Structure formats: C-alpha cells, structure tokens
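Take a look at this one chain, the form predicted alone, written out in structure tokens.
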Amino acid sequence: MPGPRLPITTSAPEQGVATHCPYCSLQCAMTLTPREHDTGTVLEVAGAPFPTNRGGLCEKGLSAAELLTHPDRLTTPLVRDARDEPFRAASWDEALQRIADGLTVAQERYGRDAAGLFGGGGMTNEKAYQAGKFVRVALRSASIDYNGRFCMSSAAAAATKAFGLDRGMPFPLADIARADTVLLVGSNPADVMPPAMRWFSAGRERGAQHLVVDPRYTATAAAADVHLQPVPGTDLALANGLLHLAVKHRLIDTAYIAERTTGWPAVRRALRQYWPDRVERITGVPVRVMERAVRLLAGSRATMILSGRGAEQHAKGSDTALAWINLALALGLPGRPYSGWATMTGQGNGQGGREHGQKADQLPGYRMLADPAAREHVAGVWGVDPDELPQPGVSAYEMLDRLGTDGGVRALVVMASNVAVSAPNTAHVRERLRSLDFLAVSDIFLSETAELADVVLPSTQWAEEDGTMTNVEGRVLRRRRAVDAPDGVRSDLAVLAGLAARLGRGDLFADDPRTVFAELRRASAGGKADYAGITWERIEAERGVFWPCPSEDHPGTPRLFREGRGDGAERSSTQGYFPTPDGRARFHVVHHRDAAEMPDDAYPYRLTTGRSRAHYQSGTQTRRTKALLDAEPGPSVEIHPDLAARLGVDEGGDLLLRTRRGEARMRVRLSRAIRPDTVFAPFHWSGDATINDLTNPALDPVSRMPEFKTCAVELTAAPIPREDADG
C-alpha cells in the first residue's frame, strides 16, 4: 500500500507563482497556485501565457505537481553498510562524508580520473555548470558526461561543423507558424511536445504544407500533407536523394551557395551516387513521393527543415544531420526569414545542460576544454591554475562501459539521471554499475539506478528551487521556487558545494543559485554560448533572453545567421552570415552506410524505439503519476497486422523481443502506422520491459551517440508472467 502524501508548505502569494514545466525542452510557462482543501494545501497547476506555449500544457505538465507530495519521495539520505545489506537512514553529514571518502579512496588507488560524475539534461544551468566545475576543480578529474549525450549530441556536432555554432533552434518556435513549408525528420511533436503543435496548426491554417519523414505514421504524420516512410536508419540516403533531385531539376539557390557557403562542388559530385531509383531501393520511399517533396521544399517562400532524434540517434547520426543541413543550405534556407534548419531538443535543459560544462570535452560558454585560451579564461574565473584543469574525458556510454575496470571510473556520482533504464545496452550498464567500488546517486525517487547505490541523496524538485533553464529556442528562462522542500531534502548545488568543502575546495563553491549564475555569466563571456548580458532581472522583465547576449545592453539573439550578425554578437563579415572564420556555412560530403546491425536469419526484423505521449525519459516520474498511468498503464510493442499474423500473435497478446544483447517482453498493439518489417517500443519502462536492454551501443565516431533507433531483433509470441506484465 502506498504511504501518505507529503504535506505542502508554501509562502506563495494567492495569485500563485509563475514558473516553467519540469519536463521537455519547450519549458512551457505555468502558474502554481496554493489552494486549501480538507486534506491540506494543494498546488493548482495552470498554463500561463508565454511566447512558447501561449497558455497550453500537456497532460504531463498539468499533472507535474502530483510528484511534489508523492509518498515515494526520498526525504532522508540512505546508506548501505555493505553491498548485500539493505539501505538505512543516515544524516547528511554521514552521507556526504561517505561520498567524499569514496571519491578520495578511488583517486588515491587508481588516479584522479577514477572518480567521476554522470549528470542530467534536466538540471538547471546553475547545477550543470557547478557539476562541470566540481569534477574539474574539486576532483581534478576528466571523468564527466551526461545523458544529453544520448539526446542532442549528433545534431550539436553537425551544427557546429556546418554553422560554427550549435543552438538547437536558431529562431523562435513561433516562426514555425510563419513558414510556408515545414519538413520534420524523425520528430513527432504531436506526442512528445503537444503544446508546440499549435504553431504547426497555425501554419496550416494559413495554408502552409507540412511533410514528415518517419518509419511510423505518427500523429504528426497524420496531420501532414506528405508522409515519407523510410526504413529505419536510411534518412541520410533520403536527404542525399532529395538533394540529387533538387540539383537535377535546377531547384537549388546558386546565388546563396556562392555568397554564403563553401564546400558545394565536392557535395555536388558526391550526389551523383544517389540517383532516385537507388535511393528508393535503400529507403523504401517511392520516387514519386521524393519528387513531390523536393518541389514543395524548393517552391515556397519560407521553408524549414526540423530534425529530431529519429534521424540523429544512430551510429551515423551526425552525418545524417549534416545531410539535411546540406539540403537546407543548397535551397538557401539558413538565415532567411521563417526558414532554416533546426533540431528539436528533447530534455528540459538539453540546450543549457550541454553549454556549460557537463560534456566531457566542454567548458562553460561552449568553450572546448582542449583549447588553451578557453582553459585560461575559465580557470581565471574559477580561481585556479589552468594547468590544474584536466584534458577532455570520454563520452557517456564509453564512461559507463568502463565502470569498475582498469583505467575506468571506480567511484561515481550520478545526478538527475537513471542510466539503468535510459542508457543503451542497459543490462551491461547495470552490471558495470554493480562493479563499481562506490556509487552515489542523487534523485527525487529511488530509481532503478539508485537501487544499486551505496549512498542515495534526496534532491529538491523543480518547484522547490530557483534557477535558470534554456529552452528549445535558446531562450534563457527563470525557474522559480513555489513551495518549500520537505525537511531533509537538499539541492544538488548544496550537495556539490558540501562535497567540495570535504575535498578541500569549499572556498571555490557557492550553493546559492543566483551567485552561481553570476559566476556562469563571467565564465561564458566571450564564448559561443555567451550569457554575460543575461541577468535574472532581465529574464523577468523580457520573458526570457536569447543567447548569445554578450552585454547587458545587448538585446539578445532570437534569430541567428542573419546578414552581418552571424552569431548575434558584435561580429560582422562581408563574406557571409555565420560564426565561422570566413563567415560562410560549410557543406560536408556524407554518404549512406548501413546500420551497425542489419537484420539477418537469426534476427530478421528491425526494432526502433522512442517516446510515448503519456510518459517521459526513464519513467521515474511519469510511472508514479496517476493520470499518466491511467492513460498508459503499461508498455506495448507496436507491430503491423501483417507481421503479427506471420508471428501468430494478436492484439493484446504477448511478444518476446530478443537481440544480441538482451530480451524484453511486451503486450502487442496492432497498428498499420508501422512498417511491416519494423516494430516500435517505448523506452520508459523497467523490469522485463526495459527496451534499452536490447538497443545497440555502437557509437557515432564524431558525436559518440549510441545507435538507439535501429537494431536487428527476433520476435516470438510468448506469454508474459502476469506479475511482470506492466514492467
């Protein structure tokens, strides 16, 4: 039986507190208003007018306050006296000292890089910044990365190579409504970002035409004019095929290419390999559909190409993103009104989380750790010698894969991430977590990762803390505290400052978010992601401020890559529009290659994974929310009726999915929305339904993104034990 709900204590005004949703990167505005009921104070959630969501909220946002008082909340530190013993409650002093000792012992025995931290894309900018600083300054270790590596890394790598700058959307979300043609590649906002659909709907109302590239006929595809349904993992070939047709029909913008880009001749030569019939054989998309699509894209006044995880979560994800950028550049889109290429960041602070130091190779402001000038600047802000800073470490999966091994991390702190469910090849990751000498986890619930820990710390939630977030548009927002945290719960800022003190560097760390943000501004100054001119007061007055914003009298940069203002700062070029050495965007030659694992006799079908409408990420939060569980009480695998008939399984039947890495069991949901050679499963569930036990950890050579979106799978009709049926 669940325990009693926690009480709420708040000094919020009667009109409520304006803040932002704790879930996806839209960061929809909401108001939290305390109301007195017979059972005590409750928080009433309502959408608030804001440029991003215009008052709209999805079911996840509307139910978010339920988690604040959930009986499963962690409210005291937990420790184990031995790995085979149960948790017991502990004081904060004991818990923090155990963590400090665990980190110190690992470093004394195995070297500085044996202690590390794995972060999360939902942490505030202040926490993400402090996490990176803690590892480099307090631990002097190279061992840090975060779950955003599994989300945005391929698009970020591609944008940096092509444009010289990575900001997921180089224009406001509202610009979508003004575009005449929009192509979404591997993105399903109707299910994963429902409030964003009002901008797509507004565009269609004024006559815009929308195209969707997806192996599934999603809710987003159903609302579009054209659906291109490729084989999973063939988006790169499709992009090259469309560009081949654009060249053939003389639809490219030769003046734009000449004035604003470099590298086109080599790409044009490479496109000869992508004649339409060959691309149809690779992708399964008919030539006539490709012909229609490219004429729509080239024929409108304002065209957008929006990329998502479906195209990017592959071992060739960065090349795939570059292929779609090539198409956008050849059509003359980036920098023009209501046009361009963008990628739809997924996690709540997926943008800000990667800008300020959680990635293994980066420092605040999107500076690179290997750059001597960047090291000198940031070390000066931090008050340390640049030589103290480590060189870049390894990426997220590489770190997890080496846990507990010679040369790998031996003592790990995990914050705001549930890698035991969300990482690829999770059965292996759980084994590596168990092999650690020491594991500490900070979370709001006892997640599947926390269950493996030696020390678990109870963390504050979104409505219990102040800070900033950076949403999908690059708009820096204020997260505001509406309620008091339960007794015994602390912010990760306080945790990192407390650990730094025990490691002898407490004088360099603050636990006040406003103080940390002021330091972040100084550290980012002059970098690509320049927050120097953004203050909490400006955010309040201006409803968010777009970076780059290098000074307090700078207006911020809602739209990037305009003429003479490539990066929004005081940079100008007579040759182009982009923050590259010559002001020009770069074309890149990229070629289709097969997925890292193709179907064969033993594993004859394709598995692709993703999110469902009711749930989010590893499900730690949404699987504890009644309204969301009522909407989707358990996982199901989506399978075409023709394939189901061949397998002898019916709607609601049980299916065993097996790959070379593991297996999962799920109930069947018949759907003609999926290709007959492919099955789709959500990754929000644990237990026998942990779909990431099956996914392939093959890595993109540039972004180090694992291949979540396609692997070879065997399918067998098999009963699920009833007690395990809902994960």
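Each residue number is its position in the shown sequence, starting from 1. Here the structure is a predicted model, which is why all the values come from computation and not from measurement.
What comes next is about the form predicted together with a small molecule, which is not displayed.
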| property | result |
| --- | --- |
| Check all three, 130, 366 and 535, heavy atom within 4.5 Å of the small molecule in the model of the complex | no |
| Answer option from 167, 359, 475, 309, heavy atom within 4.5 Å of the small molecule in the model of the complex | 309 |
| Residue (of 400, 529, 213, 279) lying close to the small molecule in the model of the complex, criterion heavy atoms within 4.5 Å | 213 |
| Region of this chain that lies against the small molecule in the model of the complex, out of 552-560, 588-596, 538-546, 605-613 [heavy atom, 4.5 Å] | 605-613 |
| Interface membership of residue 160, the small molecule in the model of the complex, 4.5 Å heavy atom rule | no |
| Interface membership of residue 24, the small molecule in the model of the complex, 4.5 Å heavy atom rule | yes |
| Non-hydrogen atom contact residue 186 with the small molecule in the model of the complex at 4.5 angstroms | yes |
| Partner proximity in the model of the complex: residue 151 to the small molecule, non-hydrogen atom cutoff 4.5 Å | yes |
